[in-house]
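A single chain comes next, written as structure tokens; it is the form predicted on its own.
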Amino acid sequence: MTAPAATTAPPHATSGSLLSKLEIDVRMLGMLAALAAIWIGFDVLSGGLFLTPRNLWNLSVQTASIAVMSTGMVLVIVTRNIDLSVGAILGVVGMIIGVLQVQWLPAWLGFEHWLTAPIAVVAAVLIGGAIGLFQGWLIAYLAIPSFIVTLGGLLVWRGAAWWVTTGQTVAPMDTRFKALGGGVEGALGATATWVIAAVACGLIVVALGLARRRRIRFGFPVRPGWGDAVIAVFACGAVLAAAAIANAYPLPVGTARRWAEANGIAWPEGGLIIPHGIALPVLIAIVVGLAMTFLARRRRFGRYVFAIGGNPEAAELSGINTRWTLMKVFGLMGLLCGISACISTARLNAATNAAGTLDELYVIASAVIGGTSLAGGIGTIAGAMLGALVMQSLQSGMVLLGVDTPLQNIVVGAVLVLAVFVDGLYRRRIK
């Protein structure tokens, strides 16, 4: 007797629910729904002040620093580790680059030299990366638990930040450097914003097409064509809506008048409306998120990181240099702290000892709320950045309502515990 011929469903088989056909992460969809509920709730309670272009623009700028660090925290937690020192690293790097711009470089190059800002950024990245590599070496090669190393780092680097200037605030920053923090200097304007939005939409369509082509080429299941179209429409719609909101927030009248005078434009009787456009720190955060997503999903390093988090013993037996990989993870975390230090220092236009205080809690909370498992092996960069937006939305909304700082901390702590609880329920359900 001959066995009946096996039948295989086509790659675009129409079985399963709509979400499974579109390959949409249910947790991500839930986070978007929670974010929408938070925004609508605060808008109602604040009398329509929350969902204004001005507040949403400021919210995006305030989120950028935490979002950048949360992308690195995902990889740290995925490897079953933790980093409690990110806020202190931001603080000490911020103080060093502040002194660099105010005292050291002016003595060599003079004030407002065009090289000041690039040198400060490179110094921040190198110092942050060196601190991260050092802590990673202690964890990976000396087998000291990451909790202990980074807890010690929190105290050491926070003390070092004070030692750099003996507690003095350093200001102001270089004018070109201030653009990294947003504000008027870091607003890209309407034209650049629409160009960036158009390029982003084009990249979304191209990425979906390449992903579909790759799956067909290797015989993997693919979404139906209408599914890719729906995702492209929603993604491009979100990009264009964000660009429209950024351009709906005009420069203050005084600033617009000075800009017009500097550019030889006559000030009309009814005034001149000049949109802010997207802020430079927001663009930096988006670029970092895309780069980290590519690193985590498309490069060998990212696969090694998730393999270590899934099963460290099996990863080592398979030939992965787990110690070197772990050291690089912490080095990358330090490098991202350096970038965030530039954003935070530029935004304040000053280097202060308080910079980065409690940022480690917000960064960890962002990663966990974004779906990163504390047990290791699971996490997404996009989820962590969305988690950072959720955390900052809560804080911004409570500030808008005049909620006291102690109560804000209570709410943030409760949300973090609730997020971990819900995540645990979800993982037990899918098992």
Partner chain sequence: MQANGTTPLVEMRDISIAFGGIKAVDGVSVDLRPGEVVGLLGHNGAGKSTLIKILSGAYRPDAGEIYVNGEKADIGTPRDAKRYGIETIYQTLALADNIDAAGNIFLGREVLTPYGTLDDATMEAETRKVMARLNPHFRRFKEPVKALSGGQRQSVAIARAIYFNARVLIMDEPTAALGPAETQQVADLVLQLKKEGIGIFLISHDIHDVFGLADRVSVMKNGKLVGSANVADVTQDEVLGMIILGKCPPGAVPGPGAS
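Predicted model only: the values in this text are computed from it and were never measured. Residue numbers count along the first chain shown, from 1.
Only in words, not in the display: the form predicted together with its partner chain, which the text now covers.
- This chain appears without its partner; in the predicted complex, the one residue of 169, 357, 311, 175 with a heavy atom within 4.5 Å of its partner chain is 311.
- Only one of the listed residues (320, 160, 119, 245) places a non-hydrogen atom within 4.5 angstroms of its partner chain in the predicted complex, and that residue is 320.
- Using a 4.5 angstroms threshold between heavy atoms, residue 221 counts as touching its partner chain in the predicted complex.
- Not displayed here, its partner chain is kept clear of residue 114 by more than 4.5 Å at the level of heavy atoms in the predicted complex.
- With a 4.5 Å cutoff on heavy atoms, residue 378 counts as touching its partner chain in the predicted complex.
- When its partner chain is considered in the predicted complex, residue 307 lines it closely, a heavy atom lying within 4.5 Å.
- No member of the trio 43, 54 and 257 reaches its partner chain in the predicted complex with any non-hydrogen atom inside 4.5 Å.
- Listed stretches are 212-220, 327-335, 225-233, 121-129; the contact stretch with its partner chain in the predicted complex is 212-220, by a heavy atom cutoff of 4.5 Å.
- Residues are counted as partner-facing when one of their heavy atoms sits within 4.5 Å of its partner chain in the predicted complex; in 280-302 these are 294, 297, 298, 299, 300, in sequence order.
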